[in-house]
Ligand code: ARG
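Here's a solo chain for you in structure tokens, the form predicted alone.
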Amino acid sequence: MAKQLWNKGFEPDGSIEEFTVGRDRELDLRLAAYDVQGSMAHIRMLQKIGLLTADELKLLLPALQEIADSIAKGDFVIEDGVEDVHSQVEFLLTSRLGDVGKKIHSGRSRNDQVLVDLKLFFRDELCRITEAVKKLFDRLIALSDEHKDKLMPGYTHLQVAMPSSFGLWFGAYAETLTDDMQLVTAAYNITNRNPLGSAAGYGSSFPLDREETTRLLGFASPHYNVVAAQMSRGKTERAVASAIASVASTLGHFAMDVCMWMCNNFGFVSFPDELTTGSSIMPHKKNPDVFEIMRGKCNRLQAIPNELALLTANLPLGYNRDLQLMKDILFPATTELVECLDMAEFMLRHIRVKDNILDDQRYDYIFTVEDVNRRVLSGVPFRDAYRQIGEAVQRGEYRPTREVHHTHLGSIGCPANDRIVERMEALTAPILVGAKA
């Protein structure tokens, strides 16, 4: 016999249940700990307002803690015939405590119950993403400092353009991650609000203390308007998806750079043999498969905001079952992004950077701008200096000085990594400190 919290004495057709439940039982296992956490806060509040007695609370809290312990051990399952995690937790309580277990749903709906589960889940996932971003950021900054004086070609239109440096290359991606963290922070702030007490989206006639559950669950504030709380389903997920896509964009771009710089035609970076893969027919091959897979995964992650936008674009006000499908999209995405970030950091521990690249004659023309600027500094008008160097190039007479003097803020000689670090610390600290609290 199927067990649903909404059971009214009849059973739905089996095919209907299978189609509507979908992968919820599997995905809801990731929400189980948060469902128990939300229930603990809810019943504490119910006891405070008189809907539970102190003795009932003393029975419920240890029983919920036992369920939490089973979840932590990996023993918790959503049984066959049980619709979702909310049903499983409540049925476990009822089977152990009888009628007392049936009281925990007073003043809430599955709508605000799943909302609070998701808010708690995404808050933790955004913390995990922040930690992984910060770890990769620290690695990039360390590499930027280590290789700040090693020159490499800079490109525009994939044509040799001007001198750059490995310090600038690594540091550029570090600073770009700080821009991504702006979106992660915004998603975290949108997520970090309490929907509990909004019930089915229109509140309750019980005198619920929503400030109390906000405090107990560590949210920054409630969703004040109960309809707005319900409307946050979809809005929260789209904010998280945008943050994921932004980080993935940076990481995918970096992966493409590495694939290109590893190519024999460039040869700027390399990795130990055991971190590359080979060919079944060409014995010389050392393929950048890790970064190719990373690039592909990050490109796929960047499609998620569009997928969620289409899923939620034309939904009417209030809860609609379509929203359930967002879990299929976002739950795997948070894990995949963290895995990509962790793998990038691992690979960068072993990266090898080529020295003296610009000594090669193929890069002679990369110094033309330096020589134009040198003439301008000596008093030659810019357009005259530009024409003089350009004509020397056309005649095949140009010989570079191979000297680079960049001193302004953010340049080869002054990458401003200390300021970039300060920016990242300011963005990540509120999330990471809040997670520990």
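All residue numbers are counted from 1 along the displayed sequence. In this text, all values refer to a predicted model and were calculated from it rather than measured experimentally.
Note that the form predicted in complex with the ligand isn't included here; everything after this is about it.
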{"query": "Which of 239-247, 159-167, 313-321, 128-136 lines the interface with the ligand in the predicted complex (heavy atom within 4.5 Å)", "finding": "313-321"}
{"query": "Sole residue of 103, 110, 150, 295 within 4.5 Å of the ligand in the predicted complex, by heavy atom", "finding": "110"}
{"query": "Position in contact with the ligand when the complex is considered in the predicted complex, options 89, 114, 341, 181, heavy atoms within 4.5 Å", "finding": "114"}
{"query": "Proximity of residue 233 to the ligand in the predicted complex, heavy atoms at 4.5 Å", "finding": "yes"}
{"query": "Residue contact check: residue 327 to the ligand in the predicted complex, 4.5 Å heavy atom", "finding": "yes"}
{"query": "is_contact(residue 84, the ligand) in the predicted complex, heavy atom dist at most 4.5 Å", "finding": "yes"}
